[in-house]
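This document starts with one chain, in the form predicted alone, laid out as structure tokens.
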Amino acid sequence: MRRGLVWFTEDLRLDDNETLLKAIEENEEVLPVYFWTEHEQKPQFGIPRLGDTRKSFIQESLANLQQQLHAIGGSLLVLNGSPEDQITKLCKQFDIRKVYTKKQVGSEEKTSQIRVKERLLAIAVDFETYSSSTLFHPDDLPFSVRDIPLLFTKFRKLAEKESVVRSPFNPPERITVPPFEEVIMARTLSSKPTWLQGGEDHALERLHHFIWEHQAIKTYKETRDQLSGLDCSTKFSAWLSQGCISPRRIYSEIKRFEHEVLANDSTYWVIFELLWRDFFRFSFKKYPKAYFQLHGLDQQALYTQFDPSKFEAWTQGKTSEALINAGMNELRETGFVSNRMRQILASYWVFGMQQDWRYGAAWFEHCLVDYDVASNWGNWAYIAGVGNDNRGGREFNIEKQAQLFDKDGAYRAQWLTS
């Protein structure tokens, strides 16, 4: 009997999942597995990587994936520990002939995949990866990953002119799995917002609400910089980060909306943001380690010091700036802040407090529900002036930002503790 193993990572969905579809197509039985890896919890710069809000979101996403697999005749095996230690044992136990998984962009994750591949080759098990997390497939870009432009604008123009977004795959209708004992998944309590529930079902509900039910996409470009409000921005990021929804599915729905209802600057601007996400992911393939280094893409970081007392003040919302304190309180308590606020908070840590930008990026990694390695570290490097920019970083005037985006003080009043 032909058996394959699908190693789920940040692709916790059935829809538009080429990895899963290929495994089902090529095998009589498929073993779906997710490894709860411990390395994510090892401190970085003394900061734990995985906070409770993201942990809770991942657990919800896994539970939903389990339900979806049940509905088509399957199940999900969730194991604690690294895939490097366990995957060869599983292959021997279930007589697996081939392992399927998505390609990774983070340097540590890629290293893990290489080690797994080496161990599998030693026992004559094939290993195949699929690109399933970007809008454009890398094979369709007008340049190789080695030649990706340094600046986003050039990347965007070339990609839009010469590349086509592939149609998303439909979800599988049936899966057959070998018998195994399901593990009851733990649940972590967190204070993330009630609307931010993990899983593909919630991702598709949000997509439908934003585009079709509320049609907030019509005004996205005008409202996206607001500091609060459920429908001022898409809020797709958390589901994208764990692969509960694919960017191609979002794109196809936007295009359908443009064809059936309205196409304007706002509908395009959601696609524009998906292109930024692609840009960072492809850039990480070219520079797998540089984004984690102080000087980034061979540029000079303005500030190299780290003051623990300043870090304490910044992370706990006890700086001299009320807007910063409000933003840091929201981030710490809910695991989410708007994109505009993220830029303001990052800029203040780097330029206002004159600190090593990597500590700020690591704190965001710990806090954010929607943490994505490429988007987080790529954006922080960009703000600090050591990433994909040639203008020396992004320093924001805090007073001006408060006047522009919190003129009535409502946001500060909501998130400042007495």
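So that there is no doubt, residue numbering starts at 1 and follows the sequence shown. For clarity, every value in this text was computed on a predicted model and none was experimentally measured.
The form predicted together with a small molecule is left out here; the points below concern that form.
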### Task
Have a look at L274, A290, L141, V165 for me and say which one sits with a heavy atom within 4.5 Å of the small molecule in the predicted bound form.
L274
### Query
Looking at D356, D370, D389, D52, which is the one with a non-hydrogen atom within 4.5 Å of the small molecule in the predicted bound form?
D370
#### Entry: Heavy atom distance at most 4.5 Å to the small molecule in the predicted bound form, all of S237, N376 and W380
yes
### Summary
Within 4.5 Å of the small molecule in the predicted bound form by heavy atoms, the stretch out of 290-298, 185-193, 338-346, 169-177 is 338-346
### Task
Would you please decide whether S233 lies within 4.5 angstroms of the small molecule in the predicted bound form, comparing each non-hydrogen atom pair?
yes
### Query
Are any of the heavy atoms in F364 no more than 4.5 Å from a heavy atom of the small molecule in the predicted bound form?
yes
### Task
Tell me, yes or no, whether S133 is in contact with the small molecule in the predicted bound form, where a contact means a heavy atom of each within 4.5 Å.
no
### Message
Taking the small molecule as it sits in the predicted bound form, is S241 near enough to touch it, meaning that at least one heavy atom pair lies within 4.5 angstroms?
### Response
yes
